[in-house]
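Quick setup: one chain, the form predicted alone, written in structure tokens, and binding and motion questions come after.
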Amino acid sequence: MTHRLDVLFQPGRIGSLTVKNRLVMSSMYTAMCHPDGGVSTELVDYLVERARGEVGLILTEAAAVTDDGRPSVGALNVSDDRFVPALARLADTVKINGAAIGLQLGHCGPQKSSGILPVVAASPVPWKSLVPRELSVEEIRDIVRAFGQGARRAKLAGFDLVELHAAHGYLITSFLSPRTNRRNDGYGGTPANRLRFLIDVLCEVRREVGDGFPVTVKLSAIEYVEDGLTLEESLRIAERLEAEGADAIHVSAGSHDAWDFEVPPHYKPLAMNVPAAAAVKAAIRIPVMVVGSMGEPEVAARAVATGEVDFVVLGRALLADPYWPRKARENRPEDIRPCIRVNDGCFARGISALRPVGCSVNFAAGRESSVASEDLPRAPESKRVAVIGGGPSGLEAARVTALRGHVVTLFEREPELGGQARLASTMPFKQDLLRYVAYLTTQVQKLGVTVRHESATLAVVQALAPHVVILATGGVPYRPTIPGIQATQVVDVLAALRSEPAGRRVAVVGGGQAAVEIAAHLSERGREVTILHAGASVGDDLNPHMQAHMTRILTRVRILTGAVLHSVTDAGVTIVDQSQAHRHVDCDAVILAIRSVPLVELERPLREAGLELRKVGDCRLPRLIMDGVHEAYRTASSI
């Protein structure tokens, strides 16, 4: 059943605020603020770009209500009146550009990533290497007052609402959750006592802003950790929050101890929090918002059309494409650049690395002050450009080069575009890649790129007389030189994706993302899988969100580390283990997923012919999709 996207563009109300549509930008830490947490020009430009994209309501990243309540240096701060003028400029500029804006108020509690002491929580329950100090009752009261003052400043600065961050293991959650609240005073023990801190905060905020000013609350409806918050308890929390004057509930999930539920990677299903949000909506009368992999327009529309939620909250989807709302309103979903949920540009190499938030598929994300995300400037002279290779790097190079006004011919020897990303999407948990390939394919078609499904020989390329050639031929799996490696039961990971190998028992050689994912895929299909890896651990190149999920999946997979492949026999493989002993491992098929090597057979003849050549993606150096896409963008932008 399909749902018209029109439902997303009906006005909605949150308390006294009318929001022009049902689309909300999620609060996301950006690492764009000044070191003291003041608003920067970069943060303003970043949020204004989303306002121009026609999202109805923007929720800022959590603004710390005390200076030591920031998760790291550069996090937004609302702990002092001196921050109000810059916050006012932010609110005013966003509203001028068409969106309402809410300031999320928070205190990170134990969830600190760097630098700012002390670390405090409801109880001294460790998080990673940190053991927080238990707050005294007087300190709790001070923080309650600080939330009220933060709300007062938000209203003074011209924000349309405030949201209380009571999710993801932050300070308020550390009180709500039985896992982290071990107190035996009035703020711990019973569910009512654990809720007391949040209710005190809500009442103090309401006292400061008055009855007519909207106040929303973000909850992890299910924490997905042992002894954590359950949906049943969260329903009672939502009912009490409504009774105490909250204007909407924003449903999320997980915590920093369940990263893959807090920020779901592509291994997780879309719209995974909608069932919990629907249960919350059935229990209360105030509006319900839901976040968590809601970036497919049809999925978002269905959630609103069926009455399961009132508002859809988009986070990473608006990093990938700030103009998601406008394109959906114009019924152009095929032009929306999809989030692929690899959590690399936004997290692993973004905020987790203390760098500004970015995006694997949108080079402009986090660079709004200097890079256009939609209307690229045209080159001073139109040139003929040949792009060789139709994977993500080649497609992005062709897209950006064409946007710059060049005449582009794209060569791909396979019958379909997409390269290894299309192959990887044959695994059910990699469907996000297929959506991204579909987006890129549509864009190059709309831009008039000539696509030729043939091998790009030197003669074929020279016949075009190109001014520039972009080589994007990717990489190929490495095949070691050992006895038996040419046996028919030995295939590389790409061949295994094209045609699943025969036999019940499979040995996967390698320990990186490719090896882990094909092992997980085959295990879920009922195969007996053994990973053989020369290193000390597997999945080291996965970011924490992916690792959290794969740790659960790989419990069904046998893993042998310190295992060097020695030879292949008719009955299996021989490895050399950590003690230098030779061991036999029975298997019916062997999949090589050790590493990739650049495919550059065309480079030398092209250079010798005197053609101007640029290399992008894995043919330059095998890396992750973000590296290839960003390299393609930079290269194409320079032509």
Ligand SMILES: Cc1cc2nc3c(=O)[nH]c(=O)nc-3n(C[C@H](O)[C@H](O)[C@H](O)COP(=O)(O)O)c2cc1C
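In case it trips you up, residue 1 is the first one in the sequence shown, and so on. The structure displayed is predicted, hence computed values, not measured ones.
Unshown form predicted in complex with this ligand; subsequent notes refer to it.
Although this ligand is omitted here, in the predicted bound form all of Glu61, His165 and Val357 have a heavy atom within 4.5 Å of it. With the partner omitted from this view, the residue of Pro477, Gly228, Gly366, Gly315 that lies near this ligand in the predicted bound form is Gly315 [heavy atom within 4.5 Å]. Checked against this ligand in the predicted bound form, the residues Ser40, Thr66, Ser26, Ser596 give one hit for a heavy atom within 4.5 Å, which is Ser26.
The stretch that touches this ligand in the predicted bound form, counting heavy atoms within 4.5 Å, is 26-34, out of 26-34, 566-574, 588-596, 610-618.
Proximity of Lys218 to this ligand in the predicted bound form falls within the 4.5 Å heavy atom cutoff.
This ligand is not drawn, but in the predicted bound form it has a heavy atom within 4.5 Å of Pro264. Taking non-hydrogen atoms only, Gln104 approaches this ligand to within 4.5 angstroms in the predicted bound form. Proximity of Gln513 to this ligand in the predicted bound form: non-hydrogen atoms within 4.5 Å are absent; the residue sits far from the partner.
Interface residues of 276-300, taken as those with a heavy atom within 4.5 Å of this ligand in the predicted bound form (partner not displayed): Val291, Gly292, Ser293, in sequence order.
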